[in-house]
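One chain follows as structure tokens, the form predicted on its own.
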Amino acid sequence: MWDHEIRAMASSHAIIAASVFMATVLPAVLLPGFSVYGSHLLWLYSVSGAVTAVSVAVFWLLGITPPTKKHTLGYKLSRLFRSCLYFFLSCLFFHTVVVLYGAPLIESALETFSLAVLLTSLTTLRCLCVLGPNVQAWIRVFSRHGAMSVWDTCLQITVACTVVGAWMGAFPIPLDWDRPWQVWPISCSLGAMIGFLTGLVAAPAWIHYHRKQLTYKCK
């Protein structure tokens, strides 16, 4: 049971993980002096763009993206606009949350917003791809026992891993180790990326291991 969905999930996650690898390696090959630490914002936007483009393409090809109820051009444009709006609002939300947790308000505003863009690309974008611009469906998935498919369960795991990774990445920042990766927001973005990649591996593995116990009810 669920074997086909699990294989599709594992394949899509492998492709997305490969896009992260390519977005890290290609700039290092093409741009002299590029490094994840020294050119962190460039790496951050490179990875965010790669994950966004590949995720949208992969989920669309797999047919995971929920179908539109109407086929008119106006409805599709409205749906696209709402998705872009939710993406931008998510960036503002993550930016606000990070500032409330102690990030510099003005001094490093660009770095903080860039981290928010990365977090949005790794979390909110997946919600848009799997559930569409439907806030009620998002609330349902992240509520207790709200998953209605293996893809909903996958969302829960990957989003949780990404957020926890970013949170744990903040712990080394105040320590006086004087390491280059302690500069804001390098450790947080690296933590988010490590958490995201961990979630890509953990989600299909956990679902496969518990596939016989998984039961989903339509709500």
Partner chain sequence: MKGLPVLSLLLWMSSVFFVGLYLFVGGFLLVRLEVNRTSGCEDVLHPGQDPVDFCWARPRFRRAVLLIIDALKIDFARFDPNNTTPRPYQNKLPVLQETASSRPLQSRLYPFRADPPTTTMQRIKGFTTGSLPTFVDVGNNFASSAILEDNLIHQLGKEGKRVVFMGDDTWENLFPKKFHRSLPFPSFNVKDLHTVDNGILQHLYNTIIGDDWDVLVAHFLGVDHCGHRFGPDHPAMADKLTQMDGVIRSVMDRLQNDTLLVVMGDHGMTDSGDHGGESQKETDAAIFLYSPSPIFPGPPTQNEPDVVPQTDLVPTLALLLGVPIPYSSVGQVLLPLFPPHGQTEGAVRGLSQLEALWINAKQVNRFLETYSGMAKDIPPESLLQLKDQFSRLSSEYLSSVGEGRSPSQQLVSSLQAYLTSVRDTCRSTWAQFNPLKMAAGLSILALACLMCFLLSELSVVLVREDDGGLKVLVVAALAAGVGVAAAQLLSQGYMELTWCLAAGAFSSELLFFWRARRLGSPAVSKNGTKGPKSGGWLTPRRLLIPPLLVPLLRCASLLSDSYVIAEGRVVTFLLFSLALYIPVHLNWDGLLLPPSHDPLKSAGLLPSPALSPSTVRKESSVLLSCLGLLVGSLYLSLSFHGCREEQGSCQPSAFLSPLSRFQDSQLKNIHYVLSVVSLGLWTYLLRRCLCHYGNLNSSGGAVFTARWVLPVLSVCLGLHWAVSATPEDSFRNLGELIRMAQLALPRAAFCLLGLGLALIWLDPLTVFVKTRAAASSRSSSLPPPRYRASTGISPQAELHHLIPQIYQRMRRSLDDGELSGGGEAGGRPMVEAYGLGSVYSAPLLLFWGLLGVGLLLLHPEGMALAFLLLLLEMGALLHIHASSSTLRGLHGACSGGFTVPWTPVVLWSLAATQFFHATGHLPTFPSIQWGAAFVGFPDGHTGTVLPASLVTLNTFASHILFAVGCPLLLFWPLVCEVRGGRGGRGCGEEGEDAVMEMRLRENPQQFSSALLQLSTRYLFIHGTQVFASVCAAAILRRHLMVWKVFAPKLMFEASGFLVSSIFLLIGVSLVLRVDLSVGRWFQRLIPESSR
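For clarity, every value in this text was computed on a predicted model and none was experimentally measured. Numbering follows the first chain given and starts at 1.
One more form of this protein, predicted in complex with its partner chain, exists but is not displayed; see below.
Original post:
Though only this chain appears here, would Gly102 touch its partner chain in the model of the complex if you measure heavy atom gaps against 4.5 Å?
Top reply: Taking the distances in the model of the complex, the answer for Gly102 is yes, it comes within 4.5 Å of its partner chain.
Original post:
For Pro172, is any heavy atom within 4.5 Å of its partner chain in the model of the complex, or not?
Top reply: Close contact exists here: in the model of the complex, Pro172 approaches its partner chain to within 4.5 Å, heavy atoms only.
Original post:
Is Phe142 a contact residue for its partner chain in the model of the complex, using a 4.5 Å heavy atom cut-off?
Top reply: Phe142: yes, in contact with its partner chain in the model of the complex.
Original post:
Is Val97 close enough to touch its partner chain in the model of the complex, meaning at least one heavy atom pair within 4.5 Å?
Top reply: Yes - in the model of the complex, heavy atoms of Val97 and its partner chain come within 4.5 Å of each other.
Original post:
Where, among 190 to 198, 43 to 51, 163 to 171, 22 to 30, do residues come within 4.5 Å of its partner chain in the model of the complex by heavy atom distance?
Top reply: Contact-bearing stretch, as computed: 163 to 171.
Original post:
Which residues in 20 to 56 have a heavy atom within 4.5 Å of its partner chain in the model of the complex?
Top reply: Contacts from 20 to 56: none.
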